[in-house]
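What follows is a single chain, given as structure tokens, in the form predicted alone.
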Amino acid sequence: MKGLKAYEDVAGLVAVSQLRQLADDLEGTKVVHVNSTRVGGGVAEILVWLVPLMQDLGLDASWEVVEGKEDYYKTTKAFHNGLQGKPVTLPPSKIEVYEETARQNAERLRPILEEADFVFIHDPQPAPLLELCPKRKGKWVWRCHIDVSHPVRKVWGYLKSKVSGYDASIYSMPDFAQSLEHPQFIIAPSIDPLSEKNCDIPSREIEETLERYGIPNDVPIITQVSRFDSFKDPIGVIEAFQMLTETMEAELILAGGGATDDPEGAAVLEEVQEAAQGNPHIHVLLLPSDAHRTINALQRASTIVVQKSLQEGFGLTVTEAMWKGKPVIGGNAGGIRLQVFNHHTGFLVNSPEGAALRMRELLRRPERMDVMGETARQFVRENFLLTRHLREYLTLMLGLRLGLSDRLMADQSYENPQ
């Protein structure tokens, strides 16, 4: 992991200097982040850089992961789906698996968590750890990365009993927040512009990546990068592509992998392969969790990037594509709406028909794609780079330490670029 100095050119000297000034009063502070996986998904990708950069600023930061068996991950996936509004049931047997796994993890993690000055618990999986650490001395914050604006009532009611006791909670956008009796903050996610997934790469590497997967580069390439998850609507992307290719030539790439805490990925992948029906112009790529440069190359090779999610916490793949100067056609959902502005950085759509229409419109006007792509890249530079993200975490910790209210963060949203 690169140190903060490496980001001075891309994020600006002022942004980096601000971080060092904020961190002066937090030197030596013990900070622990807890989530459910080290690989796969946006949370892990954020923690990969967030924890080392906190360490670079002088904080005693670490990252812990809860462990569980297959039944546990099936249960937490049901939680995830229910919180996003998908009808699910959580019988007592599943709740017992969830709570027993939490107790087992608490036995292992309790010493480090109870001694920490700040504990950030990411998403529902580790949420019960709070009540299982009665001797905790620091501030505990629940960081919700998913859209819980319209959850299944019983699922949220149960989870609320686990997170109400936290000192604060964080959401990616205001619409996601639920009513809780503690300060609530908005911190939009971000990308690491120097990571393997986002750094500049040679054009020859891009060409070799296409050759490796047998993807022609003499026609437009449409790409969606995401986990194979029904909420990402890969079937809808295929339908849109089939409509597009009734009148235009193009290639479609559906690239992604799984996450260790998502047991449904294999079934969704099978559905996608069946929907592709052997179409030689549809390339379904199951990639390993560390295929960051491959994803980088595929996004850079693309003419248009799609993220047609039906629901979305934030959508870092949108941020990544915009950073690479690509116009994005995104589902009108969740955090995608914070990034894709109609007619400026891309288009928001609500159906396969809408996606096909916008693809066709852009492909017929390449000069417009160039302008959109440059606008998108600048928007990410101003709002969604890791320096802004890290600054808001530092500000939040300083505010909680001083006992300030959530008014402290009123100007710390995505609308206030670094």
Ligand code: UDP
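All residue numbers are counted from 1 along the displayed sequence. Since this is a predicted model, take the numbers as computed values, not measurements.
The following text describes the form predicted together with this ligand, which does not appear among the structures shown.
Engineer: V141, P183 and L398: each with a heavy atom within 4.5 Å of this ligand in the model of the complex?
Structural biologist: Per the other structure, none of V141, P183 and L398 touch this ligand.
Engineer: Going by heavy atoms within 4.5 Å, which of 309 to 317, 114 to 122, 342 to 350, 215 to 223 lines up against this ligand in the model of the complex?
Structural biologist: Among the listed stretches, the partner-contacting one is 309 to 317.
Engineer: Going by a heavy atom distance of 4.5 Å, is L130 a contact of this ligand in the model of the complex?
Structural biologist: Taking the distances in the model of the complex, the answer for L130 is no, it never comes within 4.5 Å of this ligand.
Engineer: How about G257 - does it come within 4.5 Å of this ligand in the model of the complex, if we only consider non-hydrogen atoms?
Structural biologist: Result yes; G257 sits at the interface with this ligand in the model of the complex.
Engineer: Can you tell me whether D56 touches this ligand? I mean in the model of the complex, with a 4.5 angstroms heavy atom cut-off.
Structural biologist: No - in the model of the complex, heavy atoms of D56 and this ligand never come within 4.5 Å of each other.
Engineer: With a cut-off of 4.5 Å between heavy atoms, is E45 one of the residues that contacts this ligand in the model of the complex?
Structural biologist: Although this ligand is absent here, E45 would touch it in the model of the complex, with heavy atoms inside 4.5 Å.
Engineer: Go through H283, R136, K162, H292 and name the one with a heavy atom inside 4.5 Å of this ligand in the model of the complex.
Structural biologist: Of H283, R136, K162, H292, the residue with a heavy atom within 4.5 Å of this ligand in the model of the complex is H292.
Engineer: By the heavy atom within 4.5 Å rule, which residue out of R300, R227, K94, R337 makes contact with this ligand in the model of the complex?
Structural biologist: Residue within 4.5 Å of the partner: R227.
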